[in-house]
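Shown here is one chain on its own, the form predicted on its own, set out as structure tokens.
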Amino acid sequence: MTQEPILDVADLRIAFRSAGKSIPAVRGLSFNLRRGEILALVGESGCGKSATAQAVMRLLPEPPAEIAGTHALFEGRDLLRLSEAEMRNIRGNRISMIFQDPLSTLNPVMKVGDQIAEVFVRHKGMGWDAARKEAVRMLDLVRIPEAARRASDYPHLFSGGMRQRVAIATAIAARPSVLIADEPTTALDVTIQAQILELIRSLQREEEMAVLFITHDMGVVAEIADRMVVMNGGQAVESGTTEAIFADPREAYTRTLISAVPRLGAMNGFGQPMRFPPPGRIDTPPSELLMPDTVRADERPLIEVRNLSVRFGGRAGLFRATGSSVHAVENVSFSIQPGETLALVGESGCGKSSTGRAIVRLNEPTRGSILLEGRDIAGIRGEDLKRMRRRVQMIFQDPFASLDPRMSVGAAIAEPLVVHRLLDRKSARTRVLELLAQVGLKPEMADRLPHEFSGGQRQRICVARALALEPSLIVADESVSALDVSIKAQVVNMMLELQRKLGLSYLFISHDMAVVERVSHRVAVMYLGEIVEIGPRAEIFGNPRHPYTQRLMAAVPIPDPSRRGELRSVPLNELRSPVRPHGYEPPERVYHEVAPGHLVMKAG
């Protein structure tokens, strides 16, 4: 690695005009990025990380943004003072960016292959035919199954994690000199995260590319970054090599961030879920954090899923009424007791979200039954469906897409209370302010619109909205994946406390294995639309039997730079999830009981 800075930012200041006031977001930030290195910009949600990246790319609209600073030099040219025409030749070509929210950055009416091909046409001068071939190669590079066929699909046909991979393929297509990665692995499961991190590292080494890596995941920072800058309140509070900061953080804020990272194996020897320690009390004894047993095992299951299958029909052809179908979920069965948390884990695209959406009846089951307290809800309609949804709420994976951009967040949180006629608007407003405080947001934020919040803040709003009706079951689809470590701890603690007080049950869909270990009573592992292993959390994490479960555990990043790559030697390429063809029949399943309540599936 050379010492030549390719990007040098000095005294960057960013503020936003709102209601006649100037609200500072970044206060005098300075850093440099050298050729061939990975610099991590780390901090809590709302600290100014993403605003910094967008200012460097000149993507913040002025006004309401007010951007000033000594300079932001890229290869000797000041990005803050270039014309828009000059910036268009740099964006996506010399400097590229992977955005935090893949759905909002992909054109919904344009095929994903054409979106990637556009980079080659615009910046490399290729014809469309050659560009489309390169686009397929890029999709294959980021592990999109059946890349040639999927290139003709639109973004809404991809899962959240697969959309993020498409966004990464678009960003790296032109082989930029600087890659700005804004939370690029937030929506990805651990196996794909490991592949993407290795892909970024490989490109960085081969092209001597510089990477500005923005993240709240300290485990990822330890895994990938050469140097790091810690931000708090729009300012840099500490910077240095990753090894030095992890070994001896000088600032109390940095120590809090590092110590708040959930670590795999922290629950060894503990049978019940455990709260995260409060800020500033990292040495809290585990006995004070351990939750009481909330599972009411002697009652009938709150929810029973029996032989559930969800298939999506493909496009019709000229001489056929229907196209091939995608088998998203195939013959899945499980139950959840009152007061229990069942975690559903697996690769992006394995069927986790489709299962959760089927339970709340946003996906129609193709086959099987879903029993809520003994009543099959798979076919209910009208008022019965409305009453069921009061009992079963969902926190969605994509917080921005699930909020109305024209509705204030206060109105969005109050809406279920009003629709279900539980409170009048005045009382609902009071309840909204309480819910905002519970998820770590200020009451005055109730009147803001969703675009005025960071990604992590929007996820907290969605958590508050789901909690408004005090449901019996919450389907939490990656509900804490976009949150920084301290807010993630707060939200998880809040969910555990609500479970204790109200007897809530959770279907906790997540790729964050360390959080899953912390909150779950049982764990179900999905692969290719089927549950391949299910059992008590201690058994799954302490003695995983299925090879796929073992690979999931091996891919979890370790928040210790000295152990970088230690568990990344497990080959992952063969675990791609193909889209099943029409007429697919699952292999015969043979279940082996290896411990009480613990089953492993072997395909044969």
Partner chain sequence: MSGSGGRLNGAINTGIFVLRRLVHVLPTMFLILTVNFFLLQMAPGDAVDVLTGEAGGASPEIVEMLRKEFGLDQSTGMQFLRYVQNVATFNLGYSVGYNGHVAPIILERIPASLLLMFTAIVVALIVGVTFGVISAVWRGRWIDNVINVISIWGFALPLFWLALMLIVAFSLTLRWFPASGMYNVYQGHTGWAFVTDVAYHMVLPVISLSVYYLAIFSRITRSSMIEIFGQDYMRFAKAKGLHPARITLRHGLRNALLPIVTITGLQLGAMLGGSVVIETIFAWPGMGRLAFDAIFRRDLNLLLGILFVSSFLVIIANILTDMIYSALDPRITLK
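Computed from a predicted structure; not experimentally measured. Positions refer to the first chain, counted from 1.
There is another form of this protein, the form predicted in complex with the partner chain, and it is not shown here; the text below is about that form.
With the partner omitted here, the stretch from 196-204, 509-517, 252-260, 107-115 that lies within 4.5 Å of the partner chain by heavy atoms in the predicted bound form is 107-115. At the 4.5 Å threshold, heavy atoms of residue 277 stay clear of the partner chain in the predicted bound form, well away from it. Mapping the unseen interface onto this chain, residue 119 counts among the residues with a heavy atom inside 4.5 Å of the partner chain in the predicted bound form. Although the partner is absent from this view, residue 92 contacts the partner chain in the predicted bound form, with a non-hydrogen atom inside 4.5 angstroms.
Not displayed here, the partner chain is approached by residue 170 to within 4.5 Å at the level of heavy atoms in the predicted bound form.
Distance criterion of 4.5 Å from any heavy atom to the partner chain in the predicted bound form singles out 84 from the list 283, 383, 129, 84. The listed set 74, 99, 527, 213 contains one residue whose heavy atoms approach the partner chain in the predicted bound form to within 4.5 Å, identified as 99. In the predicted bound form, the residues of 50-66 lying within 4.5 Å of the partner chain by at least one heavy atom are, in order, 54, 57, 58, 59.
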